[in-house]
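Consider the single chain below, provided in structure tokens and representing the form predicted alone.
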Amino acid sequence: MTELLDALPDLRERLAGRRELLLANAVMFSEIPSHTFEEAERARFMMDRLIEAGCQNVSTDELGNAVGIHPGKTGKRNILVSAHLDTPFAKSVDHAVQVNPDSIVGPSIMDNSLGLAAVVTLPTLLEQLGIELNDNLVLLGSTRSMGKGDIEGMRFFLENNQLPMRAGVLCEGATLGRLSYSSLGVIRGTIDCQVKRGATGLAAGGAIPVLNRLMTKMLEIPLPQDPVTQLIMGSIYGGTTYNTTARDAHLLFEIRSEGAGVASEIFEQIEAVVAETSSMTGAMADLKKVGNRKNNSISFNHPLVRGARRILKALEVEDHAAPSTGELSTLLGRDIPSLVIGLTNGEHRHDYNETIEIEPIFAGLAQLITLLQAIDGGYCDVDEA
């Protein structure tokens, strides 16, 4: 491991000299619309890049996941390297990307075009750097990660993939220094309110006042401070215009908690609020659960986490733990030691002007490659560390 750490400064410099291909891939991924459930065009682009890089068994599965294998020297074990294909941006959004001397700006460049670019560029970088691994790298672009997708792509891949995984590394565009080795319990839900013509009482004002009362009641639900628990009101919409009483209104929300089972307890209280409000107002309020992820983790002292921290320290990057709300839960739930890492710094996540800094990317790539070398070398195995 010490030899790998000593080589990090030189590796970072060598990667900086190979920036064109990575940045070009990041820009091209970002300019391909890929809203959740509509990832096919990005998946085709990813497969093209994997084929060009000499990967084997490049294909998509029934849910549109794109996968290819960069073969190792012995190929006896497999490491999963993944990034999600989907974004929160609709196809109608202008996906043009602006490349500046020090930054790149555009929808999804941070989440998660840069992560995808790192995955598809990895085989070429390893070849140019003369780095050969014994393990196979299973390179995956997963679908249905965000919104109502509920990480179905990763779930399907793991349920149907025949290759046992030694470890998993999930690549996110930001933030450099992020280490996610635990996942929060998450429940996502929608509430749809509908009011019939001729309604009385509060419902006479339409669906929006009813939804407003629902939200007020939801915010009165006490949330524990320890374990940390949040109720996030993510989006509301309803009605058609200024002078017409809204007949429908909708809420998208998420409950997340560090405590096992806490999100379910909060959801049950929301069920009661919805039933009570519907009964009292005469409006129809329909609550649906559209996502459910369980708490999972490996320990702070797991060799994979320790190795990742040592790599960041050698790069003079401060590490910070950040529990994941994404696909990490599925991997850890299957006892695959896994991490989420960030590749650079950025801002405006999920805004139209998502921005990433170019210079830190090369430290992020050096982190990724060295972490894969450490896993390949057995430094991150529980019984060999």
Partner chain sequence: MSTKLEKWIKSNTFHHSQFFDQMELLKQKEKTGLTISLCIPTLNEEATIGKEIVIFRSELMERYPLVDEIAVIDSGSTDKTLEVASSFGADTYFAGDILPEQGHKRGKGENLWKAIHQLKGDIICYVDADIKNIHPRFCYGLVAPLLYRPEVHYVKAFYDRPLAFSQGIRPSGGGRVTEILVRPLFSLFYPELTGLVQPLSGEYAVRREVLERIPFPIGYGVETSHIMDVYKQWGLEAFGQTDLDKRVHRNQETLSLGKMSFGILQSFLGRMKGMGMEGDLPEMHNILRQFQAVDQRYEQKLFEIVEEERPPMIDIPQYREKMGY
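Numbering follows the first chain given and starts at 1. Here the structure is a predicted model, which means the values were calculated and not measured.
Not pictured, yet referred to below: the form predicted together with the partner chain.
Novice: If you check 219, 96, 272, 90 against the partner chain in the predicted complex, which one has a heavy atom within 4.5 Å?
Specialist: Here the answer is residue option 96.
Novice: Just to confirm, residue 28 within 4.5 Å of the partner chain in the predicted complex by heavy atoms?
Specialist: Answer yes; at least one heavy atom of residue 28 falls within 4.5 Å of the partner chain in the predicted complex.
Novice: Considering only heavy atoms, tell me if residue 58 and the partner chain come within 4.5 Å of each other in the predicted complex.
Specialist: No, residue 58 stays farther than 4.5 Å from the partner chain in the predicted complex.
Novice: Is residue 14 a contact residue for the partner chain in the predicted complex, using a 4.5 Å heavy atom cut-off?
Specialist: No, residue 14 stays farther than 4.5 Å from the partner chain in the predicted complex.
Novice: Would residue 100 sit within 4.5 Å of the partner chain in the predicted complex, counting heavy atoms only?
Specialist: Contact with the partner chain, yes.
Novice: Would you mind picking out the stretch of 65 to 73, 337 to 345, 42 to 50, 316 to 324 that comes within 4.5 angstroms of the partner chain in the predicted complex, counting non-hydrogen atoms?
Specialist: That would be 42 to 50.
Novice: Would you mind checking 7 to 21 for residues with a heavy atom within 4.5 Å of the partner chain in the predicted complex?
Specialist: The stretch touches the partner through 19, 20, 21.
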